[in-house]
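Coming up is one lone chain in structure tokens, specifically the form predicted on its own.
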């Protein structure tokens, strides 16, 4: 599917939602939902996506939509998929009727408190696609750190100060955790590249069994950059090798994009207010540590893809 075909598809997620200016999840959701012509049922955990798109009595969803508790998106959609199969067995739904099942969750509801229900749904082998929009903190409740928050980022619960310089732990590698479940399809994408995102969403939606897609979704409020820079921020994350575009299909790793010359990690961090404290002279060693970690993880990924 080319870009023109993608944007001219009927919209299943309508404009008029109340997300922040510059938010990345509306184009992520629209792109994912436009990547199949089959009917879709969506479950969505409590978070920014849910609260800004379903303010009673309005909704932006043009498809059947289920809101569930913060930690239950995968459990809910697996129950819906099981009910669908039961109704087909009873003849109440035609056996040839295809319906796609998609769960949406943020990083707080996926990396952290939703990890158990996600793991269970993947292990049971339900036929669904999980979409993680990763904005790297609990943004909806006040920018608290999550296990997705990068090393060095300042949040309301891991602030930069005299003693601590933001979060002191490295970002959890959710791709490796999900890949360890040996499911058919796992992929990492970015909001700045809709063709790559759509291709991966189409693959995920057409893969029998569970599929998982994590998409980088810069947050203008939590990352503290100008709302006009969202796509630029996502692109710099990829160009610095901080956020590689790759997929794991039936256990085989494939790198989808390799920068001709990776930009330094400082170029990606500098426009973000959450990292401004790292640019003090006394914190240069922290920037060096981050660059070293990015290089190490990139080299590990390239070896897996060879």
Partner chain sequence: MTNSPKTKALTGAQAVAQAMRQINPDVVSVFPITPQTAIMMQFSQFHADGLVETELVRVESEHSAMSCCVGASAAGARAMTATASAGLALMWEILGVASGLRLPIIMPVVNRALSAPINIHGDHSDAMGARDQGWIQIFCENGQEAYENTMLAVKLAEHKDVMLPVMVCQDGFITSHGVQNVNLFEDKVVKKFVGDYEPKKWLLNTDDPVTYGPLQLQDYYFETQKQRADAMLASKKIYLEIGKELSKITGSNYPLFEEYKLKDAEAVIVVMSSTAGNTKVVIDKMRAEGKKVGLLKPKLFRPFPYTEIAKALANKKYVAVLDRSENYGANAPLFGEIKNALFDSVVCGDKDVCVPKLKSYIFGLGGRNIFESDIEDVFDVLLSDNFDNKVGYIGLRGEEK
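Nothing here was measured: the structure is a model prediction, and the numbers come from that model. Positions refer to the first chain, counted from 1.
Below, we turn to the form predicted in complex with its partner chain, even though it does not appear here.
Between 269 to 277, 22 to 30, 237 to 245, 57 to 65, the stretch whose residues reach within 4.5 angstroms of its partner chain in the predicted bound form through a non-hydrogen atom is 57 to 65. Taking the partner from the other structure, its partner chain in the predicted bound form has a heavy atom within 4.5 Å of a heavy atom of residue 83. In the predicted bound form, its partner chain stays beyond 4.5 Å of every heavy atom belonging to residue 264. Heavy atoms of residue 167 never reach within 4.5 Å of its partner chain in the predicted bound form, leaving it off the interface. At the 4.5 Å threshold, heavy atoms of residue 79 reach its partner chain in the predicted bound form.
Each of 50, 92 and 97 comes within 4.5 Å of its partner chain in the predicted bound form, counting any heavy atom.
Only one of 126, 192, 171, 145 lies close to its partner chain in the predicted bound form, with a heavy atom inside 4.5 Å, and it is 126. Of all the residues from 17 to 49, those having a non-hydrogen atom no more than 4.5 Å from its partner chain in the predicted bound form are 39, 41.
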